[in-house]
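Below sits a lone chain in structure tokens, taken as the form predicted on its own.
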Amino acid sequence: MTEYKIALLGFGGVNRALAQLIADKNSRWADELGFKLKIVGVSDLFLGSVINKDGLDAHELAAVPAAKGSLKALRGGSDEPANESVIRFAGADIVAEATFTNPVDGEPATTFCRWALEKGISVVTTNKGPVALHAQSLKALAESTGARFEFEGSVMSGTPVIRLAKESLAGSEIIGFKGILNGTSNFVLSSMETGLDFSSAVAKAQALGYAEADPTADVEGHDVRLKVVILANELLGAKLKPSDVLCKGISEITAEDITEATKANARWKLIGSAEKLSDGSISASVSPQLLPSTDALAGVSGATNAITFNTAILGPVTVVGAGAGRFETAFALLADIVSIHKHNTQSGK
């Protein structure tokens, strides 16, 4: 039985959910997936840090209070974060990276990924910044040290669009995509269809935990722009930077716009898209689009995400699934670990 030692960077909703899944599902994973996970280190800016090379109790970890410095209460714990120590000295095979990231430069998450990959430690991450801005260099670093850099959860949470496109749609000749890639903005637009104005719809999203106190990144399309960069670069062979993607959000859509769309049997959606042009270049954008009811994406409501791949052989293929949620995103980390395990098994590691 293979056992992977895993270090958790960031212990908010996603990695805490992963710890809970490990606590509840480890024995089942051993039977179904062929491996078990042992948590050997945790570091969090708010909660502190803890290292135990013999393994931490996943049940105990998942129950740690969300209070400042609370990891200090565990054996070997500290009320101070220790990201570098956890990466370098916990003895991990895999780092699950789910920290805060700056979308401008991808830091500090990118540095954490580099520290791990330099030591030959594989990385699974849900962060968009390091992937959108530094995927090529991080993948090259991983290859040079025999590690893996996986990031399925960076686009549609637990819905495996990157792996699905690369594996299940391999050979279908993907020439473009368009998608609802931000649950918050989609929830706001769906709420406006019930009669709310934009501000009230945003307030509702905030009250339900779908939107941050500052919802700008979601409603102005900045979050979607990073996801478009990731998908275009990974699936269309582009070399885009966020600044290459034209971006407009939904804040100027009015209740009147929603009403007129309903009369026309159409719906407003914030769409992130990219397509390969005849000269081989890539055109990419984020913008509100009025979709007819016949469009597969028009019927996607609430915080759900969806993407339509335009393929030369199959035509349009649409995938709908969870675009948010802590357990859903934690599943994406598990899916990446499954991918690492398959690679290791096939390569005889």
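In this text, residue numbers run from 1 along the sequence as written. These numbers were taken from a predicted model, which means no experiment stands behind them.
What follows is about the form predicted together with another copy of the chain, which we do not show.
Of the heavy atoms in Gly171, some are within 4.5 Å of another copy of the chain in the predicted bound form. In the predicted bound form, none of the heavy atoms of Gly34 sits within 4.5 Å of a heavy atom of another copy of the chain. A residue is said to contact a partner when one of its heavy atoms sits within 4.5 Å of a partner heavy atom; Ala238 fails this definition for another copy of the chain in the predicted bound form, lying far away.
Residue contact check for Val317: one or more of its heavy atoms lie within 4.5 Å of another copy of the chain in the predicted bound form.
Between the options Ala266, Leu196, Leu164, Leu141, the residue in contact with another copy of the chain in the predicted bound form by a heavy atom within 4.5 angstroms is Leu164. Between 224 to 232, 203 to 211, 153 to 161, 126 to 134, the stretch whose residues reach within 4.5 angstroms of another copy of the chain in the predicted bound form through a non-hydrogen atom is 153 to 161.
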